[in-house]
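Next up is one chain by itself, shown in structure tokens, the form predicted alone.
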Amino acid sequence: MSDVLIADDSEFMRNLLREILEEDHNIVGEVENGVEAVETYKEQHPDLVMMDIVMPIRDGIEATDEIKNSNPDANVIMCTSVGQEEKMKEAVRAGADGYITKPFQKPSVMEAIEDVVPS
């Protein structure tokens, strides 16, 4: 069972991801901006970060870049809305390992995780 950090500024999306993941994964934290994501990553060292791209204070791209610089082996899956292709390209350049598109469906979320963190 892998440890997962959820970073999304929407409480609804955090709850949805938690419901999808908690059966098969251990949720070690839920944060609502990129600053908290980096701090919590450094404290918890989760196996995976589910990172929203658009967040206040520091966005998911900047947070991913900082996490990957501190730990190149970190696993980050970006959560993006339809129509954010340019931001997705930036996220991949920052080191994102995969992405899922909102609205989330459990099969696509689980498949993205399996691709990044084999069980």
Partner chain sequence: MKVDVKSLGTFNRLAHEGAEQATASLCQMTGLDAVVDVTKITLVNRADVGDQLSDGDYVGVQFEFDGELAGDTVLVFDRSGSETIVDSLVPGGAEDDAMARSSVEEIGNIMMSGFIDGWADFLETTIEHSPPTYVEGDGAAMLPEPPNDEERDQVFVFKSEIEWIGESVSFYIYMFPEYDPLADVMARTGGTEDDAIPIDKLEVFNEMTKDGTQQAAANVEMMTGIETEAEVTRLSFAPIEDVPKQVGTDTYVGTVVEFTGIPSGFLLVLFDEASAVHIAEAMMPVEMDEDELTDQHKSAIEELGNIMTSGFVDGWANVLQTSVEHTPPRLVHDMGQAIVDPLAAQVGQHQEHAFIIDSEMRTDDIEFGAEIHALPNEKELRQALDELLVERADETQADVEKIF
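Residue numbers count along the first chain shown, from 1. All of these numbers come straight from a predicted model, not from anything done at the bench.
There is also a form predicted in complex with the partner chain; it is not shown, and the following applies to it.
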property: Contact test in the predicted bound form: Glu90 vs the partner chain, heavy atoms, 4.5 Å; result: yes
property: Proximity of Leu17 to the partner chain in the predicted bound form, heavy atoms at 4.5 Å; result: no
property: Glu86, heavy atom within 4.5 angstroms of the partner chain in the predicted bound form; result: yes
property: Partner contact for Ser70 in the predicted bound form: the partner chain, 4.5 angstroms, heavy atom; result: no
property: Sequence-ordered list of residues in 28-58 near the partner chain in the predicted bound form, where near means a heavy atom within 4.5 Å; result: Val54, Met55, Pro56
